[in-house]
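As a starting point, one isolated chain is supplied in structure tokens, in the form predicted on its own.
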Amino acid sequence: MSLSVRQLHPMFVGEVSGVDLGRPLHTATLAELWRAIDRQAVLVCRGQDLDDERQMDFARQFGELEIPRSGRADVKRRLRPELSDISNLDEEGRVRERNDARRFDQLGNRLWHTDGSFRRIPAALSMLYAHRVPHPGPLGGGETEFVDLRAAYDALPAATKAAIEGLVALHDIAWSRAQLGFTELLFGEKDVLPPVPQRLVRMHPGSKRKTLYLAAHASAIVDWPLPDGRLLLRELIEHATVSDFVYRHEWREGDLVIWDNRCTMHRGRAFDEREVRDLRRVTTRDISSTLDQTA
């Protein structure tokens, strides 16, 4: 059976079938997946059988792996340092307490964001695999929502496109966490991850479409008064996250979802945190800062 892609949203998101991602990909299949990523920005791959090694091996076929913030040698972890632990489990595999500092830090993932934009060389692709998912409940089922920032850019008035062309935003992990009142950063970010500049509008290299580059990490517009810059960023995020641009993914165990951080935002949703939610993410690095890329 050959690889096929079924459209899940009018603007983006494709469901992939006909490929076992736990095995090395043929060159032609890898190229086909890249074309699907460039077109759809988010790919849903159901029914995959991946352990941590196979997930990392799959991701390495798309680029250099990014080490998560918690991947430092002095940080006690449940998983290997190459994996982002998108779970509610502590280092011993127990459900985290409500006042656990790592839980507070992870609540930042429920803000609209793009992975790794607070690094000088930001993230390219993220690949999140579901080991265990909670049952749907009154609070939700831990879904993940995605937006297509290319479509959001296309829908802007011409005057707004002209006004924001060439603007640069500062991205700062401390700012995104502070929005929730969590100012005690866990992994020494103030020392090793200072604010970095990124283009507000960039050219997506695969689709050759212009895209907004937004995130909860975006804290200011360079050379603008701070209040004006934050208002612009908030207004653009509100514009980009209207329902027409949003896909809501309901997780099943065995799902691998791939998304392109260069042209999407995403956020996690609430769930009953007495239940286990164990998802693990591998992320590839982009090739350079957005400032060094064609606008």
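For clarity, every value in this text was computed on a predicted model and none was experimentally measured. Each residue number is its position in the shown sequence, starting from 1.
One more form of this protein should be noted, the form predicted in complex with ligand OGA, which is absent from this view; the next part is about it.
Though ligand OGA is absent from this view, in the model of the complex it lies within 4.5 Å of a heavy atom of just one residue from 128, 133, 83, 123, which is 128. Among the residues 198, 176, 144, 211, the one placing a heavy atom within 4.5 Å of ligand OGA in the model of the complex is 144.
Here the chain stands by itself, but in the model of the complex one stretch of 228-236, 51-59, 27-35, 261-269, 261-269, has heavy atoms within 4.5 Å of ligand OGA. The putative spot formed by 117, 202 and 204 is not touched by ligand OGA in the model of the complex; no residue has a non-hydrogen atom within 4.5 angstroms of it.
Shown alone here, residue 160 lies farther than 4.5 Å from ligand OGA in the model of the complex, counting heavy atoms only. Of the heavy atoms in residue 113, some are within 4.5 Å of ligand OGA in the model of the complex. Scanning 7-30 for heavy atoms within 4.5 Å of ligand OGA in the model of the complex gives no residues at all.
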